[in-house]
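Two versions of one and the same chain are coming, encoded as C-alpha cells; call them structure 1 and structure 2.
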Structure 1
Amino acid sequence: MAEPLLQARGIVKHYGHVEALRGADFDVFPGEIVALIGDNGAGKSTLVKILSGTEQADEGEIILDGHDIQVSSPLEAQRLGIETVYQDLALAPDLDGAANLYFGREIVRRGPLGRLGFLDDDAMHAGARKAFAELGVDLQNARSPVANLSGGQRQSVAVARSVAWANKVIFLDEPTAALGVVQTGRVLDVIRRIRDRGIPVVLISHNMPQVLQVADRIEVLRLGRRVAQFDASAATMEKLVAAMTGGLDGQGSAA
C-alpha cells in the first residue's frame, strides 16, 4: 500500500490521573474511509482532538505527508488542511447554515468596506448553496438559524463545513450517533462522496454494522492504544468485537 498520508505515533495524553491515550498509533492512507472504533472511553475522541489541535498531546509525534508537524491549535490544523466534525457539534445554533459554513473564514466585500470587515453575505450564501448541493444536502431554509434545523440537517451543515475547507483529511466523530435511520443513510452517502473526491475520511463510531458498511479499513483502539487494524473485506463483527473488548489482544492483522 502507499505511504500513509497522516500518521500518529506513540501519542500519550493524561487528564489528571486519567490516562486517555497510552502510546496510541494511527494511520490514514490517501483516498480511504478509515474507521476508528473502540469501546466508550477507549480514547477515540481524545485522539481526534489531538490530531485536530483542540488538545495537545503529552508525548508522541504526528506526521503529515512525511513531515513532522505540530498541531498547536485548531487554526493550525485548518491551515494544514485538517478539518473535524466534533461529537459535540461545533456549530453556532443562532447563525444560519451559510454563516456556520463560513464561521471564522467569512468572505468580506471588495474594496474599502471589506477592509472594514463588511461581510459579503450574498457570496457566502451562494457558496453555501453550492456546497450543500454538492453533498446532496437539502436545506429548506438556508437563512434560518441552524437551531431550527433537524438533527440530520445540522449534522450535514457541520459535515459540509469541514468538506468545504479540508484538503488533506476529515475527521468525523460519531457523526450519526444522534440520527435516525434515514438521516444516517444520508450522512453515510455524504461520507462516500467525500472519499470519492479524493479526501480521506476518518469515521469514529462504535456502530459495527455501519462501520462494516462504509469503511475501507478499520483501526481498533482499546484503553488508549491501537490494538488491531483490519481491511474491511477481512473484518467481521466477531473479530471487531473481540478486538474492542480485548479478546484478541495482539492478533490484529497488522497491529
Structure 2
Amino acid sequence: MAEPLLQARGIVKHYGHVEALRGADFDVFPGEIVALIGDNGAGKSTLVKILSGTEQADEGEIILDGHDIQVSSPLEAQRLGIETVYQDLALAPDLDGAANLYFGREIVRRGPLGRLGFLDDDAMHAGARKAFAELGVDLQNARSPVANLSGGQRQSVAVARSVAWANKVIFLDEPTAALGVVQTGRVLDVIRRIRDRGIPVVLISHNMPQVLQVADRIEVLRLGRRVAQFDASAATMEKLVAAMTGGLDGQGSAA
C-alpha cells in the first residue's frame, strides 16, 4: 500500500481546560478523496485548522512527503502546497472570478507598467478561463462580480482557486452546505475532477449520504481521537453512526 502523503500523529490541542484533540491521528493518501467525519465537538475543525496553519498543536507531529514539517501559518501551508476552502469561502464579492482566483497572487504587466504596479488583466482572465474549464466550472459571465453568482458557482470559484495553487492537498470544509441538489451535484463533480488530477481532497462533512457517494475512504474522529477508518465501498450509514457515537471505539480500522 502507498505511503500517506500527509500524516498527523498524536495531535493534542487545548483551549484552556478544554482538550479539543487528545492524540488525534489522520492520514491522506495520494489521489484520493478522504472524508473526515465526526459529531459536533469531535475535533474535526480543530484538526483541519492545525493542518492548514490557522492553529498550532500543543503536541504531535505533521509529516508531509515523509518529512516532519511545521505549518506555522496559512501562508506556510500554501507554500507547502496545502490549500483550504472554508465554509465562508473568503471570496471578495465585488471582484470577478479571475480576480478572486489570483487574489494575492496577481500577475503584473511586463515592462514599465508592471514596475508601476499595473496588473495584466487579460493574462489573469485567460488563466482563470483555463482553470475553470479544466474543472468544468461554467460561468456565463466571467467578468461578473462573484456576488452576482449562485451559491454553487461561488463555491466552485473558491475550489478552483485552491486547485490553481495546491500541489499537495486540498481541504474542503462543508463545501455543499446550503446548496441545492443541482448545485451540490456540480460541486461534487468538481471534487472528483480534482481527485482525478492526482490531488488528494479532504472532505469535512456532516452529510453522510454525500460522504458515501463521493469519498474513497473515511476517517472518523470522536472526542478528539481517530476511532475508525473505512474503505468507503465497505462502509454503511450504520457503521459510520456507530463509529461517531462510540460503537466502534478502540477497534482502530473498521474497513
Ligand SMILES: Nc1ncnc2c1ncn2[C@@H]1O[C@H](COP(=O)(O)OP(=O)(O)O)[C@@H](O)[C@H]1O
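Residue numbering: structure 1 sequence, from 1. Quantities reported herein were computed from a predicted structural model and do not represent experimental measurements. The term rigid core refers to the most C-alpha atoms you can superpose between the two forms while keeping them within 1.5 Å.
Legend: structure 2 corresponds to the form predicted on its own, while structure 1 does not.
Core-superposed comparison between structure 1 and structure 2: the C-alpha position of V18 differs by no less than 2 Å. Once the core of the two forms is superposed, the Cα of L116 has moved 3.2 Å between structure 1 and structure 2.
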